[in-house]
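One protein chain, two forms: both are listed below as structure tokens, the first as structure 1 and the second as structure 2.
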Structure 1
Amino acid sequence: MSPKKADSEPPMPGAIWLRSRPPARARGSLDRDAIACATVALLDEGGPAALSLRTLAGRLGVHATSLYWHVASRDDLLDLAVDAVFGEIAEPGPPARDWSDDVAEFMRGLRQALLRHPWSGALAASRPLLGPQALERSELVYASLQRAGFAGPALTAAAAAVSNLVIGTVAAESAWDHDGETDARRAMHHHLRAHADRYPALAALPESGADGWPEQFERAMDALLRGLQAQLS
């Protein structure tokens, strides 16, 4: 259980951020940051399947059950890891003349950070993003959009659309990149051609390589930003 008991929390993902953090390295050898860092490393090596409390504890030179002083569940670890990835988003430069350049910069930065950790896109899609680093970036997006003229429900909707498009896109990209990438694409293409009667349009598509991802992302982002611009008038 967490140090300050939190009135019987339901097992909601993201909840770790709403509980108070035990004082960093008061005396013990563990703290949230060390745990988050080791968790990211483990996930980078083998994805969610490789993240077990026992191996994580081993890395930290501690017993598996010790982790329960700092986190309430394995799910908390995933929340910590995702927020650490958000912390990798490049710091924004000075505000551009056009608000959409600022938002585009954020979207590209988020994509890069999530792609660096192929497990993170799917996880970011699956849980509320309430960590301090995620909130800090959200704050900046809200500010940019506010400056652009969005307010009220339109502001919330625009910010959500921006994040959700990036996260959804990266999750899909990471899912394909899995490993046998080229083989998978080849098998897929063959499968579609074999059923050209059922999927004529899909079967007619060329077998595009992985080099198509960035261009695809730029196009999708351009469409969304243009549409948001149009909504402002």
Structure 2
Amino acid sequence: MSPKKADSEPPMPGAIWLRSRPPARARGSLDRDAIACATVALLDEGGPAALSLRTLAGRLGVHATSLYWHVASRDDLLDLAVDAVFGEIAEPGPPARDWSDDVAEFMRGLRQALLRHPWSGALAASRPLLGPQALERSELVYASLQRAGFAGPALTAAAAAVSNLVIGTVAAESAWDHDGETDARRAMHHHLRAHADRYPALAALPESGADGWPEQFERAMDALLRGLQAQLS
């Protein structure tokens, strides 16, 4: 295979970020940004099941072989799409006076970006986030936590807690966000009350949560940041 084309190594998550980018073939030729944008649009319309190299090529109006100058597999497309979603988070500005303000801003921005693309949370949780957009935002989180005083394993754990809270809550919100949510929640609470002897704490919960999804997220984020702050005391 021509060395100008994307490598044909066995597909693996994150591989696209570890290869050299192929040179542009001609003015107006495809590039990663155009491929990423089209991939995000396809995923928004039909989820991961709707994505294939052939379908994407049709959307871009090119032959499928043209894509192989830029991507080696469907895995590459997923990595490009996830990084494009991270690119929707506002770029980091000057550090805030309080490290937790920067982390909270990142968490809110990541939540909104992932919610705009319901497929993206699960992918972000299962793929190495090595794209330039994701790394730039991750650098902000790590730098803010370092500034707070975290180091070594404590730093790694704190950063993981930050991203995992956002991705986990978005996954739950996206799964529940459908027309039948009210009926599903009602059935769930009826089931819990019918088994209150086994699950008394769960059965005591109100049928409809006191808070909506945004409020729940803010409470969870506040609890996490307070817990991290307590570790530094």
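Counting starts at 1 and follows the sequence of structure 1. Predicted, not measured: the structure shown is a model, and the values here were computed from it. Definition used throughout: the rigid core is the maximal C-alpha set that superposes within 1.5 Å between two forms.
As for origin, structure 2 is the form predicted alone and structure 1 is not. Fitting the two forms on the rigid core leaves the C-alpha of residue 139 displaced by under 2 angstroms between structure 1 and structure 2.
Relative to the superposed core, residue 96 shifts its CA atom by 2 Å or more between structure 1 and structure 2.
Put the two forms on the same core and the Cα of residue 37 is off by less than 2 Å between structure 1 and structure 2. The rigid core superposition between structure 1 and structure 2 gives a CA shift for residue 200 of 5.6 Å.
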